[in-house]
Structures are given as C-alpha cells and as structure tokens.
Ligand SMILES: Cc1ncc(COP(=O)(O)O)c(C=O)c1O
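Presented as structure tokens, the chain that follows is alone, the form predicted alone.
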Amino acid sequence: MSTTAAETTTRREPDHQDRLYAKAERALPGAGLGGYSLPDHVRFVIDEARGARLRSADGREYIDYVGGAGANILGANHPAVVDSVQRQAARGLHFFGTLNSTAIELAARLQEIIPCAERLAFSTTGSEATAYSMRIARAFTGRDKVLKFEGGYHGNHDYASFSIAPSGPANYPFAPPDTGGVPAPLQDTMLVAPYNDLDAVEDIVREHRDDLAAIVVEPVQRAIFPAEGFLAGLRRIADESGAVLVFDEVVTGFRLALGGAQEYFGVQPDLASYGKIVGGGGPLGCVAGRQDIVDCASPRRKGRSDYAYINGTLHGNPVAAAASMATLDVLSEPGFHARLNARAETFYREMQAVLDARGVPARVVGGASLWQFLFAERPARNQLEVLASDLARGAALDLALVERGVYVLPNVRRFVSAVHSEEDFAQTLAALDQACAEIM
C-alpha cells in the first residue's frame, strides 16, 4: 500500500463498493456491524489492510487511527502475529471442553505481566470480561449493587448499559439505561457517579455500602485521564466498604504500559477485565485478579452460592491465544511503550500547533497512545464537561479528516499504533490543516 491516503486507484471497479453496500443494506440492520455508521458521503467498506493503512472496496487508502477499536497496537497484520496464527491454525482452529496447551501458556504469561493476576479466567470479548467481573464480585461479596461512572463504557451487556451517553446530568446515583431492551429491575442494581469526583463516590458508597458488590471504573475513561489521587481514592473507598474494585482495562491494558493502567498509575485493583490487545486482534478476553475472588469461577464450586458461572465456546481459543503470545512478545521488548508514547505525544503537539495556527478553538486531549479532539477551553474531567463541549464542530472536523483519507470515528477516541510512520503523521497533519480551513 504505497499510494497516498484517499488516493483513488484502479484496483476495483467504481461500483464495486456500491454493490457491497446494497448487499449490506439488505442483510444488516442499518447496513452496519454495530453501533457506528459513517454518513453516506464518507462511508466506505474496508477491503484489506496493511500496517496502519486500510484500503476500501473502491480503491481508496486511509491512514487508520481507529485501529480495530484499539486492538491493533501492532497494526493490522504484524508479521510475527500472522506467522503465529498460521502455525496454530495448522495445529487446530478450535477446541472445547478441556484445556489446550496454547491457552495454558498464555494464562501463565499473563500472570507474569498483569500486576493483580493471581488467577485469571478467559472470555471471548472485553464485554464478556466486564460482565463476568461483575458476576464474580457479586458471588464473592453476596451483594447485588455495582457502582459505575457516568460516561464509562463497559461493554454491550445489560448491566453496562446505564449512563454511557447521557444527554444531561443524572440524578445521582440513579440513571436510566441508554438502550431499549434492558429489564427495568436492573436499574435498581446499578449506581452511577460522576468520574473524577471522590466526594460524590464517598457519599454514594456510604449510603449503599451494605449492598455494594463492586466499583467498576475505566482507569482512563474514554480519553479522560484520572485526576491526581482519584484511582488511589477508589482503592481506599473499596477497602473501607468491602466492595471489589474492578478496573476495566479493555482499552488501557497493554497500551499505557505492558502492565496497563495498574503499572502506569501505580494502583492495583481486586479484579481487572481485558479484551482488545490481549487477543492480538483475535476473539479473546479475560478477567484477572485476586485468587480468592477469581476462584469463585472455579467449576469445582458448582452448586455453591459463591459460584460464578463462566463458560463460552471460544474461551481460550488457541488461535487467538497464539496471536496474543506473539503480540506480547513484541510489547515486551525493552522500551516499546516508552517509544510509542513519546512518538504519540510529539504527534499531539504537532496537531495542536496546526489547530492553533488555523485559529480552531479545539484541543488534542488524552495521553499515551490514545487521543481525541475536543472543542473546549480545557480538557474535560468528566462526561458532563464533554457534553458541554462543541460536539457538532468536533464531528465536522473528524468527518473532514475522513474525506481526506484519515480514518477516525466522529467524537470517538482514537489510537496511535507502533506501525504509524512519520509519513503517516505528515499526511495526517496536512489533512488536518485542510480540514481546519474547511470547517472555519
């Protein structure tokens, strides 16, 4: 893939993508694969990818900052990962009902890497991992309620579907679900607090401590980093109340540092859920944590009140485990995360300089290798401050970038990968300059 971003080639007939979209319209709800759908004037179908570049079905090339929702920290097809997957596929694509050697080796490796991982249980996705972490916490404590944070995303399951994208302030600690189809009684089990507000957390926990099974938090919520002392404060509050502290490390795990947010911020939870990078691009997640808590998922406990049922056809899938092992080999190389984060920070400064030079009142927010544009006077501390920003203008800037061959999702956090090149960054900066001129 050597063409410039968004350059049209002759690899496909112009109407090839249109035919694919017609099939998608007939087969898929909203012609999409999930919750995201680009507007018609910029939408495209991914046909193939190499490194940090995608090619659409009509032959256009895009610099990819979506990165498989953050899973592709090594790009779309790192040679070591592809080789590991191919070798495992030849030995067997899938097993079930008993252990497989690749999954065992991966479990032992993750124990060494994840600070809190005295034990771990595999899942297929990060959503499953967060659902399992809540179930395990409830089984361990004998309590029902879980405290999450406004704007925090913990997957697609019913218990996570509260106050993810509120249109206004919640009546803390209660909030309605963000989707239809969630049974009304679940609302009584979920509590919501504003992120980065320890006083609010303490008030809620004080009122519900006898029923509180867990506090679940994204250590970095979307692109909002925690205030000084916030995560340590949650650790203290959980200890005082007997609640299980759960870090949702589906995004931060193996990205901020090899040991994830636990290493980066120096705070260790009781449980942590993982997906995305831990699967090396394949379908794999896990819950890791204290032995006495994770052991609630032991099949030897079946029939006991403290047993937490965990099971899935693809749990510990050997191909995904092989992809994970190869990915971890690269991430474990000395200085990997320091180099990645330093290159990303330089890129952010260069983007901010373009915004400032064009007089665009936006800032590059985030840190490490995850970032986003925010039209606001200062970085947001919580979801309400995100809502107070100019989201419409943010979406306009993002869509202008997509038109110029830079793949981002409007107002959604995006990622720098280890395979983004200086040429990728330079083309992105040029596209950003053009996009700024357009929206201003």
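Note that the structure is a prediction, hence the values are computed from the model and not measured. For every residue, the number given is its place in the sequence shown, counted from 1.
Only in words, not in the display: the form predicted together with the ligand, which the text now covers.
In summary, the region of this chain contacting the ligand in the model of the complex, judged by heavy atoms within 4.5 Å and restricted to 137-145, 308-316, 152-160, 196-204, corresponds to 152-160. Screening 343, 363, 208, 222 for any heavy atom within 4.5 Å of the ligand in the model of the complex leaves a single hit, 222. With the partner omitted here, the residue from 117, 214, 251, 121 that has a non-hydrogen atom within 4.5 angstroms of the ligand in the model of the complex is 251. Within 4.5 Å of any heavy atom of the ligand in the model of the complex lies no heavy atom of residue 337.
Not displayed here, the ligand is kept clear of residue 270 by more than 4.5 Å at the level of heavy atoms in the model of the complex. Using a 4.5 angstroms threshold between heavy atoms, residue 280 stays clear of the ligand in the model of the complex.
In the model of the complex, none of the heavy atoms of residue 289 sits within 4.5 Å of a heavy atom of the ligand.
Within 4.5 angstroms of the ligand in the model of the complex, the stretch 106-134 places a non-hydrogen atom from each of 125, 126, 127, 130, taken in sequence order.
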